[in-house]
Ligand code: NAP
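For reference, the chain that follows is the form predicted alone, supplied as structure tokens.
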Amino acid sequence: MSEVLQSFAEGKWIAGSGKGREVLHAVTGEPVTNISSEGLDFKAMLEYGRSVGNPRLREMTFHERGRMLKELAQYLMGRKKEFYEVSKATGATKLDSWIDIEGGIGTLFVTSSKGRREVPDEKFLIDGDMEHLSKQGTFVGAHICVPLQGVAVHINAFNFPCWGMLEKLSSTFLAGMPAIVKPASATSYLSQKMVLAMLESGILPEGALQIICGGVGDLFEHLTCQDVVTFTGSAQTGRKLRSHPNIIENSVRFNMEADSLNCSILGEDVTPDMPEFKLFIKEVVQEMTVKAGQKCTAIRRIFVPRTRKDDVVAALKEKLSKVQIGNPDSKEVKMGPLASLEQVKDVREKVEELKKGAEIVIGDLDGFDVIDGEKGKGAFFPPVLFCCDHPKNGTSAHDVEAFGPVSTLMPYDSVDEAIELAQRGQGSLVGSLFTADDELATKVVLGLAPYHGRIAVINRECAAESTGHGSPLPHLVHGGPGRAGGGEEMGGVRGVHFYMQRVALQGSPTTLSRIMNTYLRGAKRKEDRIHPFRKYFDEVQVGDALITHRRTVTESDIVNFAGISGDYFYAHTDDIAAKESFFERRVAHGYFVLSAAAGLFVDAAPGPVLANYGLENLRFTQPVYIGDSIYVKFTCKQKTLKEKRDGEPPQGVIEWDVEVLNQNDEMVALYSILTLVRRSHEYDAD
């Protein structure tokens, strides 16, 4: 008998006691390993994560965590061959493994990049702008998000043992929480192999990652309000876990991503001679056969115009007949087995249920060939396409999901009917539409949106670069309403919010500025005889300010700026038209005001400021007329250290709050500018 697969708990590898459960090779049916979590102290694992891993991660800033994710991704990419070799036992083809392994590592890269570029280098997130709560501005509000002080428990599905784990860990670690990973039994050995590599890298802080190979025992009994649980798998299991008394009692956050009856729609504008038709056929075949249809995003329902039904069936039959099933080690094999014999049994049972409302038009459950493998020993299953001619009259295809290479084609008679049929899935992770008609696309998207977490609209313009119907991306949210679980994962920085507590702050602008390390308008400023542009990045402090002298705007200024810029808009150059407008008289160009403001606050001589990095959130709040005098309040709002690159001096980005006022102290413009500022020379050797 094979050895028991070890779990990593409380900082050490532990083999569960007892006989355990035998896990078989998906292709050969031979034993791969045994799994058992008997003997693990689940309460101690949670306490270890809270007391050891959590403080270490919370002590890091977002940028430090982002750099950690990047380093981890690079390390795992360097060991990817090991994961590909192990992945073969799951029945995955090389393409399947690429999606799972390198797709998961890619998620780490993307999340790392967003964490380092889209949020400040702080231990918390600022959520939104300051809220004005009082007339004089001495009492204001703001929101920040801080990491929870517990552990994230990730219960993953068998279909993507690497990607499913890494897409959750990327957001978890970036948010500043440790994790306990519980992979699905059938493919747990691949998840464990990757966790082993992550721990061997030495990149993660102690206590950041643990793994349970086997059942979760009494772990749920010890969860607190500071812990979170994420679940990917069947809706039935998810509902059972979500209703655990301790989850309810302690209001433990629970994110669920369940398998759903995703659909793809062929637009009524598409004919067989159009590129969109060929793209549609290609996508349906791919979604039925990649990972042997074992994807939570796979196309389960296919909606086509009734007049195109025969064309679609014929095209799918031609493509699916060329799909070779068998051992992924064989070059001619395009689709491997399901993950386990248990999965074959489950899919076959679901196929019998689907037969009650539809007929099989493509596929033979018993008479299919297998290359370099044996039916019965390996978990092989053929692609099966059902057809239901009257989907509005009730069909099990709207209720039953066979989690394998099985889909149901259903004709529709109008766009409204296609939308209604799609909605009968009662909530899906993804829907897709193939059309060349943007008006049709608008109608369908707005009809599908309330029932879907993601919608892919594919045509000839985007097809070459499209990642397709079934590929969730770390930049976008992944999840869906209703049957899909009601959860949401990834989505760039959005993904970290699930692991953080949003707290509303109230107080004076000065106090909140200090707490948030960000200048809020109305807070006390610190003026200095030394111009801010004469200071190195390290010397500038949040709240450092310059209040400039005044400049009076003249008619010559406006005329000259019009000549230089080529902007002769009537409000600047035509006395009569300006008088008849709501301005009532000629006004200065907004961009002249910006330029004049720069002339007021910029220090001209060479110094630590290297470049203007950008301008954000510009608003012109009041016209500037001929004869008005303007001045600037220029304040350090926020500082972000930049990673050093070869050939560049050590530097950081300073965001400056800019308020342009007139002679009556009325705001005429406000915005932020970003400057690249050199650090002190003592950092040159960094």
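Every value quoted in this text rests on a predicted model; they were computed, and no experiment measured them. Counting begins at 1, following the sequence as shown.
In what follows, reference is made to the form predicted together with the ligand, a form of this protein that is not presented.
Only one listed stretch (141-149, 389-397, 256-264, 323-331) carries heavy atoms within 4.5 Å of the ligand in the predicted complex, and that stretch is 256-264. Contact with the ligand in the predicted complex holds for all three of N159, A184 and S234, each having a heavy atom within 4.5 Å. Remark: R116 does not count among the residues lining the ligand in the predicted complex, judged by a heavy atom distance of 4.5 Å or less. Within this chain, Y499 is remote from the site of the ligand in the predicted complex, having no heavy atom within 4.5 Å. In the predicted complex, at least one heavy atom of E401 sits within 4.5 Å of the ligand. The ligand is not shown here, and in the predicted complex it never comes within 4.5 Å of any heavy atom of K535.
Residue in contact with the ligand in the predicted complex (any heavy atom within 4.5 Å), chosen from L615, I547, V216, A463: V216. Though the ligand is absent from this view, in the predicted complex it lies within 4.5 Å of a heavy atom of just one residue from A315, M198, V415, I155, which is I155.
In the predicted complex, just one residue of 429-444 lies within 4.5 Å of the ligand by at least one heavy atom: L429.
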